[in-house]
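Starting off, we have a lone chain in the form predicted alone, written out as structure tokens.
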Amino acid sequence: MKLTLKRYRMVLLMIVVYTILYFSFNPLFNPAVSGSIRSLTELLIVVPPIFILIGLLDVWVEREKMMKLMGPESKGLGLLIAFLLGSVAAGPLYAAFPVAITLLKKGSSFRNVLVLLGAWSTTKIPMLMFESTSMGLSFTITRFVINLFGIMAIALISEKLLSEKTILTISEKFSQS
């Protein structure tokens, strides 16, 4: 019972907040509920295809192949693959985390997973195309280059600052889940 309450504490908290909104601040209740329903709908549209693709990745790509392509010894090839995967990916950033966990389970290096997350969040191709038409090509190229160096720097610095034991603990934690 205690575990169930702990697991669903955020849901229970939201029920309490919505109840308070309904009785105390009724004009805010309908917009809050409709916003939550929109977010939940988006989540239900995005997440199932991502999990299907993750399942296929898990079954089709052998761990040895993933370690060769994106493992600790992959060097520039792993960084390039991670960057391209993140840039061509579809969906919001929260969809990237299950992909990142799967890559860690398959033996991808921590650095490459950070590059994937950075690219997913800042260098998506559709976003770059929209940005170049609305903000101009020179702005888009400048931002892209800055993000490229920023992503690589964050990944490399994070890997250097975190001990091997910490990175191993993170990888093992997700390998067991």
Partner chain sequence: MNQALYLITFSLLGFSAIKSMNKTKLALKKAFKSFEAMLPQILTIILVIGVVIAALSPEQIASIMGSNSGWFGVLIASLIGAITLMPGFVAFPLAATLLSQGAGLPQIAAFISSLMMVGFVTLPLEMQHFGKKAALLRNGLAFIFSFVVAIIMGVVLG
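This structure is a prediction, so every number in the text was calculated from the model and none was measured. So that the term is clear: the rigid core is the largest set of C-alpha atoms that superpose within 1.5 Å between two forms. Residue numbers count along the first chain shown, from 1.
What comes next is about the form predicted in complex with the partner chain, which is not displayed.
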property	result
E64, heavy atom within 4.5 angstroms of the partner chain in the predicted complex	no
N26 within 4.5 Å of the partner chain in the predicted complex, heavy atoms	no
P98 within 4.5 Å of the partner chain in the predicted complex, heavy atoms	yes
Exercise: T122 in contact with the partner chain in the predicted complex, heavy atom 4.5 Å	yes
Residues in 1-33 with any heavy atom within 4.5 Å of the partner chain in the predicted complex	R7, Y8, M10, V11, M14, Y18, L21, L28, P31, A32
After fitting the core, M67 CA displacement of 2 Å or more between the shown form and the other one	no
Shift of I167 between the shown form and the other one at or above 2 Å (CA, core fit)	no
Large Cα move at L21 between the shown form and the other one, threshold 2 Å, rigid core	yes
Closer or farther in the predicted complex: C-alpha pair R38, V88 (3 angstroms or more)	closer
